[in-house]
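This document contains two forms of one protein chain, each encoded as structure tokens and listed individually as structure 1 and structure 2.
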Structure 1
Amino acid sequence: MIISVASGKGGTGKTTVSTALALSLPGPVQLLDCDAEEPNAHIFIKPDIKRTEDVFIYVPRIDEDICTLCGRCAEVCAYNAIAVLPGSGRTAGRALVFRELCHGCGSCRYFCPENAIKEEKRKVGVVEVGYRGELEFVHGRMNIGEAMSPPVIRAVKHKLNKGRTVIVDAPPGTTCPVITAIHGSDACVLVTEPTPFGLHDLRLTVEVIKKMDIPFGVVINRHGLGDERTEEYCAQEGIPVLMKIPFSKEIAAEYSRGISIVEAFPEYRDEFAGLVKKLEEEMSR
């Protein structure tokens, strides 16, 4: 079973939930931290990292001796990573490649009529694999200054082990990195907080998950803070509230020390383990 943990905004407790699930579920478990821009699940899991692998994408390299500046590569590039400048009376034309914008799709090379484009590897980040007891841990880290996390997220998901219960800690938001992380999941946990910002971004995330046709439920973190509108929204939409984590100074203090909620307060282990059973009920509907 693959369970993604997502949220419409950062700071709602997504990593709190994903790490607590990984530490509470019985049997072999794998935790994939796909928040490659700022991974922090390792702070709570404290894995023994066994290996590190570089992540590359393939970017175009244009042979100027062959290129005729026809502009076909720029036409087919959906990401504006190539610009072709025509020559003028005193200056020669030139094809420019913006490597940081390239998604490595290979369209420019495929459609080049002169076969003037080759591809070369560019390192964009790393994937690290480690263990804590029987728990397998994988996370990705982008190079500083990189703009696109999906290549690193895909590299993390390439390590997905279907022989284990897999927990995917997705990036926050509703854009491409989130879609890349949660694609292929059997179920999704949406983490929110009972505030106007939390509700606004929960609505956006719910629309995304519905379009992806993934069974889901909501965990309300910091319950007791804010108002009741998040619960009212879930009731109106028929969205199951899987769990409520109280707004607690003690939980926040342990979090700030890098201690998982289920290690600081073991009474929550059964509740997190039961959360998965509630998700399975949603999947069977």
Structure 2
Amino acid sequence: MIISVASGKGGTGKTTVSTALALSLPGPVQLLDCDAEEPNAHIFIKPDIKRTEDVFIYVPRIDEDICTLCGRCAEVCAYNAIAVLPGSGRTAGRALVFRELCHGCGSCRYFCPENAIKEEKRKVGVVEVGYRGELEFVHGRMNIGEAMSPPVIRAVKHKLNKGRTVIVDAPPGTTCPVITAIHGSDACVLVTEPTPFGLHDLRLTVEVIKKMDIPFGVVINRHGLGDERTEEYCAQEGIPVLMKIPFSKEIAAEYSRGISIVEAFPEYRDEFAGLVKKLEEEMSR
């Protein structure tokens, strides 16, 4: 079973929930941290990293000696990653490649009539695999200044091990990277907090999950802070509230030290394990 943990926004407790789940579930578990921009789960899991693999995309390199500046490559590139500048009287023309814009689709190379384009690897990030006892841990880290996280997220998801219960810690937001992360999950846990901000973001995320047709439930973090509107919304929409984690300075303080809630307060272990049962009920509906 693949369970992804998402939230409209960062800071709602997504990492708290995904790491607590990974540490509470019986049997072989795998945790994939897909927040390639800011992976945090490792802080709580403290895995022993065993393998590091680079993530590449293939970007074009144009052989200036062969290139006739016909401009075909620039024409087919949907991302404006190639500009072909015709020469003027004094300056020679050039074909320029903007590597950060390139998605690595390979179209330019295929269509170059002169065969002037080769592809070379460009490193966009790394994937690390580690262990903590039986728990298998994978995360990706994209290079600073990099614009696109999906290639790294995809590389993390390629490590998905169907023989285990898989927890996917999704990146925040409701856009491309989250979709890439959640895609293919059997169920989803949405983490929110009971404030107007939390509710606003929850509504957006619910729209996404409904579109993707994945069964889901909500975990309300910092319950007791804010107001009742989030719960009212869930009741109205028929969204199951799987668990409420109370607002407590002690939990926040342990979190700030990088200690998982289930390690600091073992009484939560059963509740997290039970959360999955509730999700399974949702799935069988």
Partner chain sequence: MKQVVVISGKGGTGKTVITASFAAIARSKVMVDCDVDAADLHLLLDPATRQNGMFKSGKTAEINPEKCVKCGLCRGICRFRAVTADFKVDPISCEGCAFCSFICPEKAIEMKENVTGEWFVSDTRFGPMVHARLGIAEENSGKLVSLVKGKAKEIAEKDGHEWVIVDGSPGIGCPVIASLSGANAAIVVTEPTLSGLHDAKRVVAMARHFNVPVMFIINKYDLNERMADDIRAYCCGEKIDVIARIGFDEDVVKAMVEGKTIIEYAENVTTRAIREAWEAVTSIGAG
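Between two forms, the rigid core is defined as the largest C-alpha subset superposing within 1.5 Å. One-based numbering along structure 1's sequence throughout. Remember, it's a predicted structure, so these values are computed and weren't measured experimentally.
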property	result
Structure number of the form predicted on its own	1
Which entry of 247, 158, 123, 184 falls at the hinge, with the rigid parts compared between structure 1 and structure 2	123
Rotation (degrees) of the lesser rigid unit against the larger between structure 1 and structure 2	12
Core-aligned CA shift between structure 1 and structure 2 for residue 88 (Å)	6.3
